[in-house]
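Before any questions on how it binds or moves, here is one chain, the form predicted alone, in structure tokens.
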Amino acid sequence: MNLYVLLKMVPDTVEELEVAADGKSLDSEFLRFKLSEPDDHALEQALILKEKMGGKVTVVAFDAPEVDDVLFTALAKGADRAVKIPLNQASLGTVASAKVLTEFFAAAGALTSDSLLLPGSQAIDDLEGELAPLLAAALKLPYIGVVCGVTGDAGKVTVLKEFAGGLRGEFEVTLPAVLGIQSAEKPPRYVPVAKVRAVMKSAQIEEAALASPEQPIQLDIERMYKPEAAGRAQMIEGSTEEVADQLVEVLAKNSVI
């Protein structure tokens, strides 16, 4: 099986994000990037499939802060090949990213009859999870998103998809295909730092050769700002009876009851 995992770096939201002085970007002084969590699960699912069925795992990512560390970590976990697309991820929107990835797979002639593309189902800057279906549509491949389990067979995979309300559905998909991974069958594996450092000395990250790297649709940010506080919150205090009376009064005043 020919497995491609699409990795994306996202801001670490452990710290509060701040807008830079130009008003068009995030303040990078204290900003740290990390691998998007669904993408980490996509990598784990690919490694599980490789262990069960054999094949080759290739990780692909756009250029971004700290992305080399993530690519080397993927190699240390068991990926066979790491490819970096020499375009700044920050300057691309979801549509442009899907266009570039389509060109990458078409130019490389990478898609075979047993190929499976595994992007994460969403990211904190792509909550609608549009990348995977856009890529699938451009490559004319079947797509299933919000996937939480994959088992393989000759020329096809069986996919477990999550639905709202805790429901799950099982689908059979013919390869090649694109699956938006929400979670792997197992938690992403840990790899020791020493092993990552060893891989950094022995392995290399390939740089993709694009036919027209200067022509993707750029994302032009006009303004970036934090949500503005409306100042409409009303704090209700007092005993249970007093709070209940005040709630009824507020609801009646706003014609709710």
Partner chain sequence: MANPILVLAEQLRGEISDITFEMLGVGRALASAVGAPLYAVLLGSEAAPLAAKLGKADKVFVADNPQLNLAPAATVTAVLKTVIDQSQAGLVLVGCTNVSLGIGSTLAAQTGLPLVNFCRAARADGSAIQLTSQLFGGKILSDVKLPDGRGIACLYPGAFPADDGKSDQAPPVEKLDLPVEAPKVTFKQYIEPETGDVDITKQNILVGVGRGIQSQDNVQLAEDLAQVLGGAVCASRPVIDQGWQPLSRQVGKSGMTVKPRVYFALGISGAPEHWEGMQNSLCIIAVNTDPKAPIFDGAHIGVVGDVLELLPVLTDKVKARKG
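Take the two forms, find the largest set of C-alpha atoms that superpose within 1.5 Å, and that set is the rigid core. Everything numeric in this text was worked out from a predicted model, so none of it was measured. Positions refer to the first chain, counted from 1.
Missing here is the form predicted together with its partner chain; even so, the following discussion is about that form.
Residues G166, A233 and L251 all lining its partner chain in the predicted complex, heavy atom within 4.5 Å: Every listed residue reaches its partner chain in the predicted complex, so yes.
Location of its partner chain contact in the predicted complex, chosen stretch of 67-75, 111-119, 80-88, 173-181 [non-hydrogen atom, 4.5 Å]: Of the stretches listed, the one contacting the partner is 173-181.
Given that the partner is absent here, does A107 sit within 4.5 Å of its partner chain in the predicted complex, heavy atoms only? A107 lies outside the contact set for its partner chain.
Taking the shortest heavy atom distance, is D125 within 4.5 Å of its partner chain in the predicted complex? Residue-level check for D125: yes, a contact with its partner chain.
Heavy atom to heavy atom, is D245 within 4.5 Å of its partner chain in the predicted complex? Yes - in the predicted complex, heavy atoms of D245 and its partner chain come within 4.5 Å of each other.
4.5 Å heavy atom contact, V100 and its partner chain in the predicted complex: V100: no contact with its partner chain in the predicted complex.
Align on the rigid core first; then say whether the Cα of E128 has moved by at least 2 Å between this form and the one not shown. True for E128: a C-alpha shift of 2 Å or more.
Does D27 count as moved between this form and the one not shown, where moved means a C-alpha shift of 2 angstroms or more after fitting the rigid core? Yes.
Does L17 show a Cα shift reaching 2 Å between this form and the one not shown after rigid-core superposition? Moves: no, less than 2 Å.
Based on a C-alpha change of 3 angstroms or more, tell me if E128 and F163 lie closer or farther in the predicted complex than in the shown form. Farther apart, which means the C-alphas of E128 and F163 are at least 3 Å more distant in the predicted complex.
Note on G93-S28 C-alpha separation in the predicted complex, which departs from the shown form by 3 angstroms or more: It is closer: in the predicted complex, the C-alpha atoms of G93 and S28 lie at least 3 Å nearer than they do here.
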